[in-house]
Structures are given as structure tokens and as C-alpha cells.
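Below sits a lone chain in C-alpha cells, taken as the form predicted alone.
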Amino acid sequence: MRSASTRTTRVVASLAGTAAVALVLAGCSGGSTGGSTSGSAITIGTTDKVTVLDPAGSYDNGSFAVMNQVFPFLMNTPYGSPDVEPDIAESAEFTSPTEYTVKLKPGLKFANGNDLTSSDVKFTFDRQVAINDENGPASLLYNLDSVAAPDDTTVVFTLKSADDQVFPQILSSPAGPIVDEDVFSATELTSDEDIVAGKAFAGQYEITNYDFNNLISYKAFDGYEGVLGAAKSDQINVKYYADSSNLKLDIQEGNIDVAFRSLSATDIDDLKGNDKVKVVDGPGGEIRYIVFNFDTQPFGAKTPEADPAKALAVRQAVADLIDRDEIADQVYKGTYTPLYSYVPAGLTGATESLKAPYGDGNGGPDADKAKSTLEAAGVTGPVELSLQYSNDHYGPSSGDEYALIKDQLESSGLFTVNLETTEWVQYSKDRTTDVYPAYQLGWFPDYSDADNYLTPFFLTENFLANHYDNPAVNDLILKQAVTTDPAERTAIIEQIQDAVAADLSTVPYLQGAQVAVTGTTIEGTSDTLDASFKFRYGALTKG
């Protein structure tokens, strides 16, 4: 998500060994769309969806794509760098082991004319924690004890544990967009309409037209003084598509300049042969995984037949039967690669903790092992498993992906899979209310550290809200975040993956690419897939 991550893509430079990201550059569209007033406007197409614009209420790629354009951050990742730097801040540093002090640039304002001061920053983080929305990123602020604003440009974050190695990066994450305290509610989510009407923006862009999941028009905000610099294009229009076939058609016909999320692997291959487009490859850090709800999965804690040993055996059997190579090759044509742990290959601390214990021990499936696992736990007869996926959030191949997973599970004779699908806006609500016993998610990292693949998922109070609770894992996650010795921290990260692999809160199975499409006359394409897993509209300009 974000993954759920989400989240708009920031590509980690260290992920050099991962599957390629395809950036397809389409022919320049002839005119403008929506709220634009100039022929130089860039039109972007996407099948992604926005859930809400309020940073406290969403933690997904589609929503964060908008937030990245319009909200300021204390810390951010410059194009082409894996490291965070002060954004609207002039400095940010630890002034004691448990105090992180940020000095804002003077004279900052929101697009509505309101002053942007330390009071807004304190308000932002206080409301994130207070609202603690099930679909929000508040879980990332687990180490935040309090926020103080001693003067208009000074913010002091007091942390619960000393020597936090990831807190500066968390300030650049979906938990970090700074909001206007005169527009946003302190105690509940603020509607998209009120945010847009209140012009509560201070990023590279402000929104000039907002038609929910149909069209968003942006214009450059000349008051942005952050590390990303002034936007290179004055106007951006983002058009939302219900399916990828229409998105591809508009690429081919030159009706859009950029297509970002999501085209099928087949479409990408096809577009590579089109002289009117070009494909730019880069590394990617997205992962795909199945989440188990520990309360409602077969033999889950709140089912009539509750039995933790049998529930674990069901999860283990799924892990034994998943054929990652088949999914990567047949569905994604090699644009994704098999993933055998929780931290993707290329990041420090990544392991293959799922490879040896499950399947044939070498990454392949093993139906006999799955059968023995279920029988040893006393599970008889095919297990009925309800498995949910989103038909519009993770690309057009999700249907094929989950049809193949269903076939892999059922062909063993050990499972009967009830495969169901829901559109993302509803899906994101249902998954946190125990509606789905097992379901699809993807993850687009917020920052380039293994912590971001562990903390949101496996802390007791986690973003998945799947009732997973292992105190030992919880303590290890907290420990790694404050361990200053790199080798010691890496060892703890590896230990966490081994522990979670034994529990199987989730079963990750693919690591791979983002897909974007932009015009041949668009410059700045190398910057659109930048080192921070954010797709930045502000880097694009027409040649």
C-alpha cells in the first residue's frame, strides 16, 4: 500500500539487483486538459486511486502521489539521492539522544496566505497521533513522545527511545506532510472538499481543480522554498482511468504525456516496439504479499473452530504451495522477481528467511510438505480459504496473478479458494475491519531502509491491523531502530525476518517494478524515478 505504502514511488538507489522499473515515454499531447491554461501543461494518466487527501487518513500510493505534490515536508529526498535532507527546514538534527530539533525557514506561507509556522508542524503530528486512523500512517510515529514549538520557527520532537536511526526518514514519509491548522480538524479527518477549498497547500504545487478519481489539475506554487526547487512545469493535469486498456490507448494516440501506474507487462512489451514512445528502465522496491487476518482466517482466534496451531499450519501450507517463479514469469514476464523474505534484495539486512523453511527448500513449491504440515496439525479435508484482491489498485494483472495463486493452492487438493475482488476505495476500508480473512497487498516504501519493510507490518500496533502480536518481534523492531552500530543493527534486522517467517503474518512472494509512461518530448525522465520512491511531477518539463 504505503503500500500499503503504499505510496508514490521513490526508487532506492541501492536496489541495484532488483527487477527493472519501466518508464514509458509517450508522444506529446497536442493541447491541455481540465484546469490548465497553457499548451505547455503536462497531462498524466493513471489507474491508481485516491482514498482521501488528508494525510492522517490514508497510507496508499494513489493518495500519497497527490500529497507529495501539494504538502510540504520537514525532510525530503532530492532527485537522484537515497538520503533525506531538510525540505522546508533550514536545519534538522539531534540536539540530545532523545530530542530532534528542526529549524524552519523563515517567512513560509501556505497557498491561502496563512503563515506556515512551528505551530502548524506541532498541530500536524499531534493530530496524526490523536486521530490514529486505521488507514493512516500514525503507526510510523511509534517512537514519538511529544512535539514542542518554543518559537515560530523551532520544532522539538521528543522521542521515547534514544538514538533513533530512522526518525529523520519518517519525517519524509506519509506521516510527514505538514498541514494548515486553520483548515484541518484536530480531532477528525478533514474532507477533500474542505482541503481544496481551503488552499491548504505549500508543496511544489497547489490543486486548482479536483474531481475525485477523475481529474486533478495542479499549478506550480511559487511560495515553495524546499529542497526540490521550483517545479519545472507550471501546470500538471492528472487523469484517472478505470482500466489500463484505455490508459494504453491514450498513450498510443498521444492524448497523455505521462502514464504512471499501471500497465500490464504485455502492454509494456508492446509499447517498447512503438516508435512514438520510449521505455526507461530503473530499479524498483515494490513488494507483493498475502496478509492473513489472525482473527478471521481459517482456525483464526475469533472463528468457531479457533485453533492457533491449525491456523499456523494453514499459513505454512500456503507458503509451501506458492510458486513464485511461475507468477513472476507467466503473469509479469520477468518484470517482477521472486521474493523470499520481508526486506527486498538490495537493502542492507535483506535475507531469504522464507526459502529454506517452506516449499522444497530451494524456492519452489512442495505439495507433499504442505500436506504433511496440515496433517500434523490435525487439519483434515480441503481448507476453505476466502482470498481477496483489488481489481484496480495493483495493476491490470492482479486478476491473472490471483487466479494463478488460486490454481496453485487448489491443484494440491489441500485448499478450496473463494477468490473475490473489490475496488480499492472500498477495499482499503474493508481490510481493516476484519472483512477479509486473507488478502492482497503491495508495498511501496516510504524511505530506503529495511525498517520500512518491518515496522509498519509487525509492531503490535501495526498498519495491517491483522491482529498479529509477537512481543519478541515488537521488541526487536524497537531495538533495531535505536541501534547505532551498523553490523549489530543488521543482525537484528535479519533476526526479525527469521522470527516473522516462523509466524507468517504475511507471505511475501514478489519484488519488482513500478510502471510509468511519459511523452518523448518530456524532459526530466531520469528524475521521475528518483531515489526516494516518489514519483515527482515537479521534475517533468516539456522539451
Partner chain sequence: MTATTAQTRPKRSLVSRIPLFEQVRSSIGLQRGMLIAGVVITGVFVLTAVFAPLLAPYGFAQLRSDGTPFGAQEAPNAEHLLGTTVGGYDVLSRVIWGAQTAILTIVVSVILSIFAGIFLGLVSGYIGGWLDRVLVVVCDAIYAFPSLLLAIVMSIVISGGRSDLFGGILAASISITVVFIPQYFRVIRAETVRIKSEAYVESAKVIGTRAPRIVFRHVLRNATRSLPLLLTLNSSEALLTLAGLGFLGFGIEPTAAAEWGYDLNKSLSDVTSGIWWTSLFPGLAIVLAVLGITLLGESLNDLADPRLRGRRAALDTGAPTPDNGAEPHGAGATGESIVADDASTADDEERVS
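Positions refer to the first chain, counted from 1. Computed from a predicted model, the values in this text were never measured in an experiment.
Another form exists, predicted together with the partner chain; not displayed. Remarks below refer to it.
Asks: Given that the partner chain is left out here, which of Asp145, Asp407, Asp151, Glu305 has a heavy atom within 4.5 Å of it in the predicted bound form?
Replies: The residue in contact is Asp407.
Asks: Tell me, out of Thr348, Ser91, Thr158, Gln426, which residue has a non-hydrogen atom within 4.5 angstroms of the partner chain in the predicted bound form.
Replies: Exactly one residue meets the criterion: Gln426.
Asks: Partner absent here, but in the predicted bound form, which of 378-386, 397-405, 91-99, 365-373 has residues with a heavy atom within 4.5 Å of the partner chain?
Replies: In the other structure, the partner sits against 397-405.
Asks: May I ask you to state whether Asn470 is within 4.5 Å of the partner chain in the predicted bound form, using heavy atom distances?
Replies: Close contact is absent here: in the predicted bound form, Asn470 is far from the partner chain, nothing within 4.5 Å, heavy atoms only.
Asks: How about Thr124 - does it come within 4.5 Å of the partner chain in the predicted bound form, if we only consider non-hydrogen atoms?
Replies: The answer is no: Thr124 has no heavy atom within 4.5 Å of the partner chain.
Asks: Could you tell me if Asn114 has a non-hydrogen atom within 4.5 Å of the partner chain in the predicted bound form?
Replies: No.
Asks: Although the partner isn't part of this model, could you tell me whether Ala301 comes within 4.5 Å of the partner chain in the predicted bound form, counting any heavy atom of the residue?
Replies: No.
Asks: Judged by heavy atom distances of 4.5 Å or less, which residues of 329-353 approach the partner chain in the predicted bound form?
Replies: Result: Gln330, Lys333.
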